[in-house]
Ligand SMILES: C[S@@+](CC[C@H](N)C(=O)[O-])C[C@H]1O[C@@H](n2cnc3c(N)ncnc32)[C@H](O)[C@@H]1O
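Presented as structure tokens, the chain that follows is alone, the form predicted alone.
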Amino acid sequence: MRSVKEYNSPHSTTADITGHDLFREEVIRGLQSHPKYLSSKYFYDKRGDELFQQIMECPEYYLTDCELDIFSNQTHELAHIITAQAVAPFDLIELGAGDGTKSKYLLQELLHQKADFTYLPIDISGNVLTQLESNLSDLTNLKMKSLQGDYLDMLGEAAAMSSHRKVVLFLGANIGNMNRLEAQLFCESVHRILQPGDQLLIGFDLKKNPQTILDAYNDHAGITRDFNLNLLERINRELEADFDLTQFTHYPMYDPETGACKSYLVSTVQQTVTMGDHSFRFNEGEWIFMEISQKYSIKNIQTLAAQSGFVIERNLTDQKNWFVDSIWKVI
């Protein structure tokens, strides 16, 4: 879920006035809305990156292991699907690249097969991209250029870098950080950037036992809680707000009928939070919507691909059939 928990805008820095202003504007807009919300794309400051790495190591958070199962045990098939249609050079573009743990298996296999490709990882977090470059430093023959920023903006830049065929990776159930309509609009936008014959490999977390899903977003160690609360801490630090984190509690829920798993922060008292010239009143029990992690059925995936202008070439599942990496082609 990177979210993912795995989704995006560049980190703000002292020199990045535009990014800082956008962060402020979107926070104000969200906290003035009814109901209140914050964009999960801002989870990923340095501390947020660290917490998400810890989430992926939680025993309850099955998603990473499921997709790693696919990439470690079906690597040859993945590489074959990507390279089967042409021997010409191609660009391998990864949206929300993270630390590259899963994609490294594919990169190694492609290099082993002497495929001619350039790897273009995209992530919101410059910190994560630095870690990624370090993690891949032993792949001495890898041609690589990192791009920091918003998925679609950077995908457009990456697509314009060459006339080579594009293979886009969107792993980790990142698509789940959008509701169903947003996911369709996103996939349609990706389709518009790509050309016929280009491919999109997209990871989906499948519907399963509701308790299994809920536990993944409510780990016993409280790391997911801290991950959500860290966004309030970031707002305090970067936007000079005065959130009292002890007066908010983490509340996750999962609806097995719709497949929507959502996280909220709930105010435990009546309070007013200030941020510069703005103030935001919270009633006791009032919530901030933080993120969604949408779960899919195979039929849902087939519908999304067709509505977005893609055809499904193959669905690869883990041994538990809890997760699927679906390979789509532009038609």
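If you're wondering where the values come from, they're calculated on a predicted model, not measured in any experiment. All residue numbers refer to positions in the sequence shown, first residue = 1.
Only in words, not in the display: the form predicted in complex with this ligand, which the text now covers.
Shown without its partner, this chain lists Ala97, Leu92, Leu106, Ile213 as candidates; in the predicted complex, only Ala97 has a non-hydrogen atom within 4.5 angstroms of this ligand. The listed set Glu182, Glu77, Asp150, Asp244 contains one residue whose heavy atoms approach this ligand in the predicted complex to within 4.5 Å, identified as Asp150.
At a distance threshold of 4.5 angstroms between non-hydrogen atoms, Ser125 is in contact with this ligand in the predicted complex. Within this chain, Asn228 is remote from the site of this ligand in the predicted complex, having no heavy atom within 4.5 Å. With a 4.5 Å cutoff on heavy atoms, Leu171 counts as touching this ligand in the predicted complex. Interface residue remark: Met56 is counted as part of the site for this ligand in the predicted complex, having a heavy atom within 4.5 Å. Exactly one of the stretches 116-124, 231-239, 133-141, 252-260 approaches this ligand in the predicted complex with heavy atoms within 4.5 Å, and it is 116-124. Highlighted residues Lys299, Phe310 and Asp318: none comes within 4.5 Å of this ligand in the predicted complex, counting any heavy atom.
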